[in-house]
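Just one chain follows, in the form predicted alone, and it is written as structure tokens.
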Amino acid sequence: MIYDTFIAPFAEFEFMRRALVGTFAIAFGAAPVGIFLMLRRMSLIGDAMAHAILPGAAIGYLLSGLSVFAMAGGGLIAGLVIAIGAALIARHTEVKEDASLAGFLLISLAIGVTIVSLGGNNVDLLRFLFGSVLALDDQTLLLIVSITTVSLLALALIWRPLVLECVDPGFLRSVSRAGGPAHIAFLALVVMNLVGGFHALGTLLAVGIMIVPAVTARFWARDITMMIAVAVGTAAVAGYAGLLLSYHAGLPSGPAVILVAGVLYAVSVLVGPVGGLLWQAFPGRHLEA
């Protein structure tokens, strides 16, 4: 019973093993980035940038079909252009960066859906919006793993300015000029991980595996390193359990993964030791224990 439920789907079917490897790789790359998005109060900006990659990926699709690297390259270029454009608008006008990104979000989503609709069909549109984690091939897995590797290495290089900017941005500006370059590099990492997540979970859900585990981790740890560990573990568990739920219940795989992450978030809101509702309701009893 236990083997048939929890192990057999991955032991017997290669597409399930590929999906599991892909979701684990995304968890290790996207979850740490999500922690810094949350701490920098940029969670909704991540959602906007997830939509920003759609037009570039759609153009890559029109030019080269379902070529992984063409769609990834187009999405990466589009995401970086829109991120830089929103930053420039915020710097040189009275519009804030979040407002300019919100405008780009709606425009990008409309353009991307229009391009896919004109050049493809409803199946292609659904794949762009919701992904196809069960259809990952070797090229896509290689792309996702490469993005995760680059993301972790880059985070290690810009770790200190990122942490300082989360804690005390004024102090960072007074002692170093690394804040600006680190911010640009961080936005590039956000776009890269969204491009990787796009192939598995689609435009609408790619940011979910980045943000939901991050806000879940906030209820279990105060230290940034521990929050990252909890977020990665949450994303990995959501990937594994979501694939099992999809297999046994016949649910779409991408939404199933995010649904499991949502359940873990709801449980954390209730029982998480850092600000959870039960711990706030009975603080004395927990302290005595």
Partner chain sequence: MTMRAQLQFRDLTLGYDRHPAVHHLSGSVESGALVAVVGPNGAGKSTLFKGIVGVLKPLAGRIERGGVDPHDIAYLPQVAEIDRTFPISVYDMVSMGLWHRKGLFGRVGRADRDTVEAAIATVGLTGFEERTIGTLSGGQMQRMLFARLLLQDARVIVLDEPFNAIDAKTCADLLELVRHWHREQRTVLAALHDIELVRANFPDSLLLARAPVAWGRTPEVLTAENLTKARHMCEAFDEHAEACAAEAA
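If you're wondering where the values come from, they're calculated on a predicted model, not measured in any experiment. Residue numbers count along the first chain shown, from 1.
What comes next is about the form predicted together with the partner chain, which is not displayed.
Contact with the partner chain, judged by heavy atoms within 4.5 Å in the predicted complex, is confined among 176-184, 203-211, 144-152, 74-82 to 176-184. A heavy atom within 4.5 Å of the partner chain in the predicted complex is found for exactly one of 106, 88, 157, 135: 157. In terms of contact with the partner chain in the predicted complex, the residue from 244, 39, 68, 260 that brings a heavy atom within 4.5 Å is 39. The partner chain in the predicted complex is not approached by residue 230, whose heavy atoms all lie more than 4.5 angstroms from it. In the predicted complex, no heavy atom of residue 110 sits within 4.5 Å of the partner chain.
Proximity of residue 188 to the partner chain in the predicted complex: non-hydrogen atoms within 4.5 Å are absent; the residue sits far from the partner. The partner chain is not shown here, but in the predicted complex it comes within 4.5 Å of a heavy atom of residue 164. Residues 218, 222, 223, 224, 227 of 216-249 are found to place at least one heavy atom within 4.5 Å of the partner chain in the predicted complex.
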